[in-house]
Structures are given as structure tokens and as C-alpha cells.
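The chain below stands alone and is given as C-alpha cells, in the form predicted on its own.
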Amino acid sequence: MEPEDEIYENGGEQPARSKPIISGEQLDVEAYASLYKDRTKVARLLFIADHCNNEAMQLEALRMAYDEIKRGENTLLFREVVEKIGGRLGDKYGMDSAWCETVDRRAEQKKERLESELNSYRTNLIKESIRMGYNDFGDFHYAHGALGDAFKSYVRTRDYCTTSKHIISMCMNAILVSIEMGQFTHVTSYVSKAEQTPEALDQITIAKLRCAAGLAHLETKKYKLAARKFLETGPELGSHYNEVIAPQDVATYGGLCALASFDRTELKNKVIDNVNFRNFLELVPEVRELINDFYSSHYASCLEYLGNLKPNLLLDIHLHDHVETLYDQIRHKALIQYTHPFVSVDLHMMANAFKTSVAGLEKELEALITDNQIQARIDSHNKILYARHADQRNATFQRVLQTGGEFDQDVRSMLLRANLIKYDHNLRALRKL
């Protein structure tokens, strides 16, 4: 058994649980993909194919990606997927040169028409038509996978926006393309710009902006800020933003970031008692249960849920780089929270509660003590952790002495000032000058 498996393995019989889409032993690729649409659906399927070790799952992801791409116009991505499949799915999922040629020819014709229309609009100086022309160009490039050109076209509409709604539309398009390019500094910038026109924002758009900001903070490892944004996302989001994120992702990303960065009070007030976020958590029962278990100090059960979720979280296009860091932070918080109320802790009992070995637990505690996150010392012979609680009697005397010293200094300063004023010391000095 691997050490990590030893940590997360939970002994005893467990009651049967409903298995959500993004948990359990193996990802249900079809159910997972159905949560998304457009480019992010293909991108997530290809990410699964590139990172999973199960060939059947890999081929299933590639098959679904192939079918999804054939509904669009991105021939470059189509060729890439055909190469990845490598004939393993039979002739039906091979190279379709006729389709590629037809799509490319049609794309060239459409591009010429769009250029002609845009030049006409620019000649006539019709702002709204120019804006629509650049917007159409952005849509065209986006559909064909030219994300850089799509971003430039969408941003060029900014100079021709005449209403707040136009600005919001431009920002949302720029955010969508920036997320897919991985340019999260642009995401933050355009979220901020959109929020500066609140009169044009409806609840769905606000929810989308919260999600985009959350993804940007997640990417930069600002987990507390990411958690806040996901927790602020309203239930109006529904499936309105599934070209970027699903409601299940909001629950998972927000829940894990909150566990890793919030203290107990924040966890209770902002997560567990958050009525809006509860709607998202209901979609992913395992995340809801692990948050409740963590708050209730049921660490073995909490770590079991985390262990079950981990393989599939590593296949998530946005979360995979952060899983290890988040898991380490959550585990460290659990260890700190467990030791906090006690003067001494039996390491054998603690190891049993965390389903790990005493030696492994001792190393983890040593690291936390060295990092000054736990105020304690370890008796390695008897395997007991002793907390270094301050001497309250001595601390009280020290505070009294400090307060007395400060009072004495304040009184002396007041007397000195009173005497200076009484004898006109400052005025005399001025006269001498």
C-alpha cells in the first residue's frame, strides 16, 4: 500500500452513498462531459485523455471529443484529435479529409465576406456596424480555434461601444477567450472593467463574473480570495456558464479552497450557513459531507472523502495543479485543529484518528512545530505531544508590569509638559532668539 493510500484509507464498513459525477473510483466521462459545451467541453475531454492512465477512459474521451469537434469548424483541433486516436477507434474515427477541406473552404469564403463587410462599415463610419463587424470576426476566429485573433477582435469593439450592455458583452467575450488561453491577468482586468458598469449587470452576469474572478484567483494560488468569489456566486448561475464552468465545479473549487484557507468561524458562517452556496453543495454530496466532517472534527471520514475525490480532481483542467497544495493545507489545518484544545495528546490515538502511522504523523507534526504552526513539543520515547501553553500567572504579572510602566511614563510626560507651560519655557526661548 502506498503511503498516501495509507493516509486516506478509512477502516470499517461505510454506509452506501450516492455517487456524484465527479467522485468515486472512476470518472463517468459521458456524464462529466454533458455538464459543458463548446470549446471547454473539448478541452476538458482532451485533458482527461492526456492525463488518465485508463486506456478505455482515454479512448472514450477522445471519441466524444471527435464527435464534438465535428459539430464545429475547428479543423486544426480535429487533426490533432485524429492523431491522438491513432486508428484505435476504427475507420469511423479516422481522418476525414473531405470534411476538413469543405470546412476550410467555407471558412475562407466567410472570412472574405466578413472583411468586405467590415471595410464597408469603416468607410461609412457607422459605429454600431463596425462594432458588430469586429464581434463577428471574433466569433469567426473563436470557432476556428484562433484564440489570439479572436481576443484582438473582441477587444477592438471597445472603441465602438455606445451602451453599457455593449461594454459588458465585450468584457464577457474577452474573459471567455482569456480563460481558454490561460491569460488570467486579462480575466481579472476585464472582470474589474465589467463591474464598473453595475447598471448593466443582471444576476446571471454577476454570477458569471464571480466565477471568472474565482478561476483567476485559483490560478494564482490565492485560495482565500478564490473561495470568497465562488461562495459569492448566486444560484442564478445554473447552467448559463457551462462554456466555462459547471455548478458542480463551483461547489468543488469553492469548498476545497475554503477548507484550505478559512478558519472555523469563517467556515461556519460563509460556507456551512451560506444558503446560496448550499444549493451548489447539494450537487456534489461528497464535498458537502467532507466540509461538515471537517467542521465536526471527524477527520478520518473527511480524509476518506478527500481520498475518493482525488483521482478525478487530478483530471480537472483548472484544479489539477492545485490538488496537492490544497490537500496538504487541509490536512495541516486538521492536525492543528485536533491538537489545539489539549495539553497533551497520545500520538497513537491521534494516528488512529487520522488513519496513518505514528512515525508518519510524528514527521508531519515535527514540520508543523518547526514552522511554528503548532506550539508544542514531542516526547518521542512515550509518543506524546505536549502543548506549550503560556504560564497564565506569569503572563498576567508581565502585562500588569508593562501597563504600570506605561502609566508611569505617561504621568511623567504630563507633569513635564505642565511645568513647561507653567514657567513659559518655550516663550522665553523664543525671546532669547
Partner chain sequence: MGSMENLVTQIQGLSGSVEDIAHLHNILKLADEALHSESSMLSAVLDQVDPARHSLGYLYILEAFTSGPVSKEQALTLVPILARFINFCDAQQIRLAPDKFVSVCKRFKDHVLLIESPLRGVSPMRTAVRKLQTTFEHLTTLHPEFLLLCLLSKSYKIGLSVLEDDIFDIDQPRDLFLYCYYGGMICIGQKRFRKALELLHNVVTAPMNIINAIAVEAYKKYILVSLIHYGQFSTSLPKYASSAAQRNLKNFCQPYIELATTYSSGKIAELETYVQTNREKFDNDKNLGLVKQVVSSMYKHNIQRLTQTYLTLSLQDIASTVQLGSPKEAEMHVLQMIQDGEIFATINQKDGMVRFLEDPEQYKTCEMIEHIDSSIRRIMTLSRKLNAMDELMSYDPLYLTKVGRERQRFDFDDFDTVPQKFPI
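Values in this document were obtained by computation on a predicted structure and should not be read as measured data. Residue numbers count along the first chain shown, from 1. Rigid core: the largest C-alpha set superposing within 1.5 Å between the two forms.
Quick note: we don't show the form predicted in complex with the partner chain, though the next part is all about it.
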| query | finding |
| --- | --- |
| Distance check, Thr370 to the partner chain in the predicted complex, heavy atom within 4.5 Å | yes |
| Residue contact check: Arg377 to the partner chain in the predicted complex, 4.5 Å heavy atom | yes |
| The partner chain contact at Asn54 in the predicted complex, heavy atom, 4.5 Å | no |
| Contact flag, Glu366 vs the partner chain in the predicted complex, heavy atom cut 4.5 Å | yes |
| In the predicted complex, segment of 380-388, 45-53, 30-38, 58-66 with a heavy atom within 4.5 Å of the partner chain | 380-388 |
| Contact set, 311-331 vs the partner chain in the predicted complex - heavy atom within 4.5 angstroms | none |
| Threshold 2 Å Cα movement between this form and the one not shown at Gln398, rigid core reference | yes |
| Core fit, then Asp408 C-alpha moves 2 Å or more between this form and the one not shown | yes |
| Direction of Cα pair change Pro341-Gln398 in the predicted complex, magnitude 3 angstroms or more | farther |
